[in-house]
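First comes one chain, alone, set out as structure tokens in the form predicted alone.
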């Protein structure tokens, strides 16, 4: 039987080629791209970012104001807002807008430097506790539980009553009671990271514990630390404003938003704007940091990144 040979016509087949991928397509977006994408998707976050930048810039440029924040002008006291005095004047005739700018410098400085101290201390304690484990972890966590079980604000008031008031004192007092939450977050992240393959490989290669902590573990939980830092600034500003409102803040005549609220109590019935302006500034600043903290959490948390 003759074999049947089939002759194929090559013109009947179409060549299929894989289309080239666009140059700008990246399946692994960088950190800044993820943060920017989260900001663009959240209009409230963009508004908060713009307002926060304006407040920071205005506070840093406060010395450009033509008025002295501590200069009395009793002939022009309690004047209403005008072009000459955008926020009016207080009961001593001082320009209220200038005092708000200088008060923002104090409140933001307390929030920023308190964040640095509390995040540094919390990162060190949390990393050591989570990495070493055992008795060290148990002792550090029990100390942390004892401190957190005591009303923090009450302790701050008591300590502040026995030390000389001032900006460094305020930063120190707020910092020593603000690191516990950061330590808990960092401890949980450290306990997860120390079981990863790259850490186990570094241990088997003889890498020292200090190098593993500062080269492998802490950089890999930087996103959680950044989120905790942004929220820590908001809490520090709110704590400073509360202490200044109660009279335990910076020394007069230095102004902060909390001390401006405290001074406005006596004039609340006659000129409520004296309390509205610093109150709104505190609200906007704290709300902005909280909203941006949520955006950073969504952008930097690996489990939430799509």
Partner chain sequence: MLEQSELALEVSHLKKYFRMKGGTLKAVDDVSFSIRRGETLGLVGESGCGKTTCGRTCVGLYDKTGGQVLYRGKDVHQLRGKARKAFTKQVQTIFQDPYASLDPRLRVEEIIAEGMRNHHIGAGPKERRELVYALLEQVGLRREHASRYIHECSGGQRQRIGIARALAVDPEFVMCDEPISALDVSIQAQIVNLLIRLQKERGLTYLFIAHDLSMVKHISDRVAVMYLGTLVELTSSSELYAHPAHPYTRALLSAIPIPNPRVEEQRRRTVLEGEVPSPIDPPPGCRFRSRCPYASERCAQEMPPLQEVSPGHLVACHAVSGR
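Just so it is clear, the structure is predicted and the values come from calculations on it, not from any experiment. Numbering follows the first chain given and starts at 1.
Note that the form predicted together with the partner chain isn't included here; everything after this is about it.
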Subject >> Options 192-200, 120-128, 231-239, 147-155; stretch whose heavy atom lies within 4.5 Å of the partner chain in the predicted complex >> reply: 192-200
Original post:
Three residues, 283, 288 and 297; all within 4.5 Å of the partner chain in the predicted complex via heavy atoms?
Top reply: no
Original post:
Pick from 216, 105, 184, 85: which has a non-hydrogen atom within 4.5 Å of the partner chain in the predicted complex?
Top reply: 216
Original post:
Going by a heavy atom distance of 4.5 Å, is residue 210 a contact of the partner chain in the predicted complex?
Top reply: no
Original post:
Taking the shortest heavy atom distance, is residue 135 within 4.5 Å of the partner chain in the predicted complex?
Top reply: no
Original post:
Does residue 164 make contact with the partner chain in the predicted complex, using a 4.5 Å heavy atom cut-off?
Top reply: no
Original post:
Does at least one non-hydrogen atom of residue 220 fall within 4.5 angstroms of the partner chain in the predicted complex?
Top reply: yes
